[in-house]
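Okay, here we've got a single chain as structure tokens, the form predicted alone, with questions on binding and movement later.
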């Protein structure tokens, strides 16, 4: 199969034609990668079980890891879920369209394949205009995880998508780099109070300012058990190189790099602006951004992990952000990426 790269240029008429072309693929049961404000998603008609099943096959994704359903209006949320309006409307008003996913009781038309057999569905309204246009022209909700092989760093460019999936999907809508770079926040609305399942583009603090204190997930869910939402596997977002985390100080970063160079052949450094690194021909450096500029660091996280693994490197050293604001999402991704593979 030849994967079509549909490059959006900003020409309104031409872009509309390409998005409609991609929508026709979705309606015919095909797979299209498309940009959201967070990362590129791998989309299929959420109401077509066979199309959804192909997502799992192409990604190598286990059936116990559910998908997010994308709709283009708030009414779409109520059409496909049994959401209580009084419960979710404050969140819709505050954060949607945007990088917030709600887990809600599903309606019957949403297949168990989408939800890993659970009676709840993760659903959101993406902010990216291309994503919303694709949903609108497809005339169906779109089920979409990140457009990469399962467990890999998420794709923030069309090149990343093609690195993983070229020849296995029908098309990718190329609108350049995604603006946010980390996935949506996932909130389970079936618990009281709601449970933060995955930190993401909407900070926990912002949500709590609207609806009050959130529950934490608590005990990790055992692998193989149906997850309530995607992105919760212990090891996830991981490059082929080992990710080594260190305390968020220039001294700890430098020392960890020295140690890594003594143990690994080629080492990558996710370097915050101005932080010192050892001189070595075996060291590859990715200029990550200013420490504390969490928007930039989030946007460039997966870009850096993918660039360094392709350098190639055997280990990547990265300082670990604090558990606050958008930094919490970057921290979550790095903690999962650093987990060793199962032997």
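Given the structure is predicted, the values throughout are model-derived calculations rather than measurements. Residue numbers count along the first chain shown, from 1.
Although it is not shown, the form predicted in complex with threonylcarbamoyladenylate is what the next lines describe.
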Legend entry - Stretch from 277-285, 306-314, 290-298, 60-68 whose residues place a heavy atom within 4.5 Å of threonylcarbamoyladenylate in the model of the complex: 60-68
Legend entry - Contact test in the model of the complex: residue 124 vs threonylcarbamoyladenylate, heavy atoms, 4.5 Å: yes
Inset, instruction - Spell out, yes or no, whether the shortest heavy atom distance between residue 197 and threonylcarbamoyladenylate in the model of the complex is within 4.5 Å. - result: yes
Inset, instruction - Check whether residue 39 has any heavy atom within 4.5 Å of a heavy atom of threonylcarbamoyladenylate in the model of the complex, and answer yes or no. - result: yes
Inset, instruction - Answer with yes or no whether residue 186 is in contact with threonylcarbamoyladenylate in the model of the complex, where contact means some heavy atom within 4.5 Å. - result: yes
Legend entry - Candidate from 118, 149, 242, 132 lying within 4.5 Å of threonylcarbamoyladenylate in the model of the complex - any heavy atom: 118
Legend entry - Residues in 141-169 close to threonylcarbamoyladenylate in the model of the complex, defined by a heavy atom within 4.5 Å, in order: 144, 145, 146
